[in-house]
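Only one chain is given next, in structure tokens, and it is the form predicted alone.
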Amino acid sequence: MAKEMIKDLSLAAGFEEAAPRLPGSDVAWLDALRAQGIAAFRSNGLPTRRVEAWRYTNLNALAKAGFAPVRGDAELDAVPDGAALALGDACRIVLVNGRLRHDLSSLDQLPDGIAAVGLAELLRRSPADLEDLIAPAPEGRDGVLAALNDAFMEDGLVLQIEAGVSVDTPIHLVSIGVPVAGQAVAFHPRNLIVAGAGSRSTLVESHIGLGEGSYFSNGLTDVTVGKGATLTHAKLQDEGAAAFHVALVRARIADEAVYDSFVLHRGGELARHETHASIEGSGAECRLNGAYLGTGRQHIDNTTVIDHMAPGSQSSEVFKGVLAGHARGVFQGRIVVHRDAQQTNGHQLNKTLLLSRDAEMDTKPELEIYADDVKCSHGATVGELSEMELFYLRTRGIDEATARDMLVSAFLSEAVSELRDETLVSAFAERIAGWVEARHEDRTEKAA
């Protein structure tokens, strides 16, 4: 047990050395937050599978990897063509190992009414502006990776959309993981997104990896959607094959506001995207949708919690995935309807296709209802491709491999169609098509 705890706490090594050089190290409230975060991590260690929220995700490989806090800048002169989502004229903001890179970003193309600045810069310039926006990690073993982010957060994006601003062009946040001098590095970006009352905007994240080394991205994003605002928040997780990606999004949704989220998982050795959405206003809407594509020995975890706190709100979740090889998927979705949240409408659905006898899916949809005037439903299915549909396509002269690819693409297209922006639908569909095509080519080469 002691040996396990030593490995468990290796991610905290170097905190005393790193703390004085972290931005805002001389700010009392931030110093207290960092101290609280590292103490919580050292007290609890990484969550084990005995922790209910982590029941299906084993972090032993993360504990053994020996990640160290990133030091020094990675050598990167440009974002490789095709690495991130193709979003046309979108304003691009680039983080490399969690640090904002002005030379790779196009901040001068930001639309009027939108302000973007690096967290590190704002902590040095006016930390008081951030005190109310940077919330501490939840207590207990559920929140220890968020506590680790509290301790080590160095940079990230602070994005503020002014009240009443309506923007059609997406803001594209590109986060690039790059091993430094062969070292397994860890970085902990903190993003703060504030959508002012009545605004309408789109934030798209691309998480990609360069090189073949391992790294650990432990991100935390706090989102505030003001009264009557609409924020579309889409994400591509396509990290390097040896990368570990853990992300927590905490969203607060006000009266008549809409938070529309979509996550596509393609990369990483282990990936977990967790969303906690709190619907605090009446007439609000929360949409949490996603797709996941796993092969080899990938582990992909989607965990969501939606808290309905106010009456007359609605939520919907549709997560669809395809798992091949020895890949493992996890979906944990919980909708909580509190006593005052009458006339709530909530829907949750998870569907997974297994393309291999060795692939595995753990799915746990939950409803926790304390109000009586509600409409809530949930469902989950795990299965294989339909032999009848395959037979139908084969009788039309289509070979079996192509027929399988067509059915997989059709299954996943239903998840992407949950996006309401056609530009985003096209960009994410292209990434799914690339995954299907790569599997087809790989099978063809093995058959030859």
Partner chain sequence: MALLEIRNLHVTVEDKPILKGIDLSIDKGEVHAIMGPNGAGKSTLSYIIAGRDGYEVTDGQILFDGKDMLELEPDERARAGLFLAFQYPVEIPGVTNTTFLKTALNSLRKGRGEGELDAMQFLKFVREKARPLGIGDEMLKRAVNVGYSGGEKKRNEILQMAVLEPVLAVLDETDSGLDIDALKIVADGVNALRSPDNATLVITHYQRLLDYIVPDRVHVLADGRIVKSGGKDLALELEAKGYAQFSSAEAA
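On a predicted model such as this, the values are computed, not experimentally measured, just so you know. Residue numbers count along the first chain shown, from 1.
What follows is about the form predicted together with the partner chain, which we do not show.
J.: Can Thr48 be called a contact residue for the partner chain in the predicted complex at 4.5 Å between heavy atoms?
T.: No, Thr48 stays farther than 4.5 Å from the partner chain in the predicted complex.
J.: My question is simply whether Leu33 lines the interface with the partner chain in the predicted complex - judged by any non-hydrogen atom within 4.5 Å.
T.: No, Leu33 sits far enough from the partner chain in the predicted complex that none of its heavy atoms falls within 4.5 Å.
J.: Under a 4.5 Å heavy atom criterion, is Met406 part of the interface with the partner chain in the predicted complex?
T.: Yes, Met406 sits close enough to the partner chain in the predicted complex that at least one of its heavy atoms falls within 4.5 Å.
J.: Taking heavy atoms and a 4.5 Å cut-off, does Asp399 contact the partner chain in the predicted complex?
T.: Yes, Asp399 sits close enough to the partner chain in the predicted complex that at least one of its heavy atoms falls within 4.5 Å.
J.: Can you check 66-74, 48-56, 388-396, 35-43 and let me know which stretch has heavy atoms within 4.5 Å of the partner chain in the predicted complex?
T.: That would be 388-396.
J.: Out of 409-431, which residues reach within 4.5 Å of the partner chain in the predicted complex, heavy atoms considered?
T.: Contacting residues: Ala410, Ser413.
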